[in-house]
Every structure is written in C-alpha cells, then in structure tokens.
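Single chain ahead, by itself, as structure tokens, in the form predicted on its own.
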C-alpha cells in the first residue's frame, strides 16, 4: 500500500490537472498546485489556518544581517507580501521560510526565532500531557481507595499497562527512577500523533512527522541513556571483551561499539518521523486523486470520490493504530536502551 501510494504521489507531481494546470511562468488565477498543497500541509507554517477561512497569525521574531531584531505578526507577510524587508520564499533552498535581502540585493536567511505552527502544537501537546498527569494524581490524592471511571479510568488503564508491563518488567529496580520520563515520552508522542490527525484547531500540525522534533526526542533519550550508563557500560564500549588485536593498535571494536551508541537515537528519530509522515502523505494523496482524475469527466470524478473517501477512512483508522504503536515502540526502545546501559 505504501509503495502504491508513493507511485501515485510521483504521478501527481508530474501530471498536470486539467482546469488547474500550471502554465509556464506566472500561475493563472484559480490554479491548483497539488505538490504545493501537499508539502505545505506536511511542513511548518507561520500561521494556523482555520476551517471557516480565518487564520491565527503567529508572531515572527527574526534578526537581520545587521544584528537588528524585528518582531511582527505573520499576517503582514500574507497581506503585504513583504514586511520590514522580509518575505516568505516560495521556491529555492529556503522555500516556505522567511528570508530577506541584504544591501547587495542577495537573498539571505535571517536568524529565525519565530513562533511557528509546530512550536504552538508542541506547546499544546505538552499542556495536555501535563493536564492528564496532574488530573490523575489529583484524583488519587482525593480518592485513594476508589477506582476511577470514564476518562480517568481509561487513563489509569494506559498508565498501568505501560508502567507495569513494560517499564517495571524491563527496568525492575530502576522503574521508579525512569518511569516518569518514559511515561511522559509515551503520552506526549501519542497526543502529538493523535492531534496531528485532527483537521481543526488545536489539531492539524504534523509535529511527529517533522524530523527536527523527532531529533530532539531522540536526543533526550540519548542523553538519559548515556548519563545513566554504568562503568561496565562504558567499558564495554571503549574496551570490550574481545581479542586484543581487535582493540590494539587499531581500535576496531571500540569504533563499532561507539557507532552503535550513535545509531540508536538515529533509529528512534527516523522510525517515528517516517511512519507518521507516511500516514499523512497517503491520506493527502488519496484525496488529491479526486482533483487529478476529475479531468476525465463527472463520472470519473464521482467514482474517484467514493473510492478515495473509503480508502482515506481506512487509512485514517490504520493511522490511528500506528499513532499508538509508534508512541509505544519509541517508549519501549528507550526503556530497553536504558536497561542495557544500567546492566
């Protein structure tokens, strides 16, 4: 299914849509660029589009080449196209990013600390994660011997499953020490995955499909694992129990072990990003088929709508399952890596 969708996606980029074709040079009014629409949704933005046509304009904070700071609403860039010498590049290396021009007229990328859509989505995910944790702890402080129901009961079920069946089983005596980090990691990734599937605000941001976000999550696990590593763990990396000729004079095995330390967070980063990005991409491609095949007539468009909607619903249900699995796998692998460093 993934291979078929990737082939269809490549066709979308190559085949123009009748009635919405891209002419050479300037685009005509009413032109629909499917490639632009898809990659705009998958990427980051400086504003948050709302279903009824409005938008939440986020603050732009940039430092130009002279060292001067600029702070203004991203709405100025959409209304005026350019504000205080800055604009959003539509193509090139810095496509969809804020750029400016220096005195020579050359385009440059300023130091950008803008609050983007993904930044706000990360804050929303962190807020809901903290809200879930504090609500559950507050319930047990008030009702120590009473079993929770409804949403709190379901939340307790998830915590019980993750903590006792994974964290305690793997880490044993270290479970209480690393449990809070691992549970926070699981619920933050799960909430970010689920919110990314919701079309309307506060959902719709492709947070875990962004390689920068998954890189930071993987780096957190990398730091926790290596800071928690015992003396035996570091000895096995720099002086493993292998024949001496594999360590001296060429440190072959230590280099391999050190490479393994680096590849663990890379695997976490790529696995989460690729799976979540692939799910969003497939859904967008299936919907785009309606516009692509609409050139063949009303009958073709009607049949395409039915097929695309059915397959999109199926992929969304599957993507919801993947959202839970990827959060679980990321947390479980982090738990295993910590255990290997603590043995």
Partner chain sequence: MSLFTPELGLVLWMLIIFLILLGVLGKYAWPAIIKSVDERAAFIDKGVEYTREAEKDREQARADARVLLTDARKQQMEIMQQAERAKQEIIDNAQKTAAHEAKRIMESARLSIEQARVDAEFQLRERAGMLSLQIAEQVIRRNLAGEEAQMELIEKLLKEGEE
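The structure displayed is predicted, hence computed values, not measured ones. Positions refer to the first chain, counted from 1.
The protein also exists as the form predicted in complex with the partner chain; that form is not presented, and the subsequent description refers to it.
Q: So if I measure heavy atom distances to the partner chain in the model of the complex, which of the stretches 256-264, 236-244, 133-141, 72-80 falls within 4.5 Å?
A: Stretch with heavy atoms near the partner: 133-141.
Q: Please determine whether each residue of 97, 122 and 160 possesses a non-hydrogen atom within 4.5 angstroms of the partner chain in the model of the complex.
A: Yes, each of 97, 122 and 160 comes within 4.5 Å of the partner chain in the model of the complex.
Q: If the cut-off is 4.5 angstroms on heavy atoms, which of these, 273, 195, 171, 88, is the one near the partner chain in the model of the complex?
A: After the contact test, the surviving option is 273.
Q: Residue 251 near the partner chain in the model of the complex, any heavy atom under 4.5 Å?
A: Residue 251: no contact with the partner chain in the model of the complex.
Q: Applying a 4.5 Å heavy atom distance criterion, does residue 200 contact the partner chain in the model of the complex?
A: Residue-level check for residue 200: no, no contact with the partner chain.
Q: Please tell me whether any heavy atom belonging to residue 302 falls inside 4.5 Å of a heavy atom of the partner chain, as the geometry stands in the model of the complex.
A: Answer no; every heavy atom of residue 302 is more than 4.5 Å from the partner chain in the model of the complex.
Q: Does any part of residue 216 reach within 4.5 Å of the partner chain in the model of the complex? Heavy atoms only, please.
A: Output for residue 216 is yes: heavy atoms within 4.5 Å of the partner chain.
Q: Select from 175-200 the residues with a non-hydrogen atom within 4.5 Å of the partner chain in the model of the complex and write them out in sequence order.
A: Those in contact are 176, 180, 181, 183, 184, 185, 187, 188.
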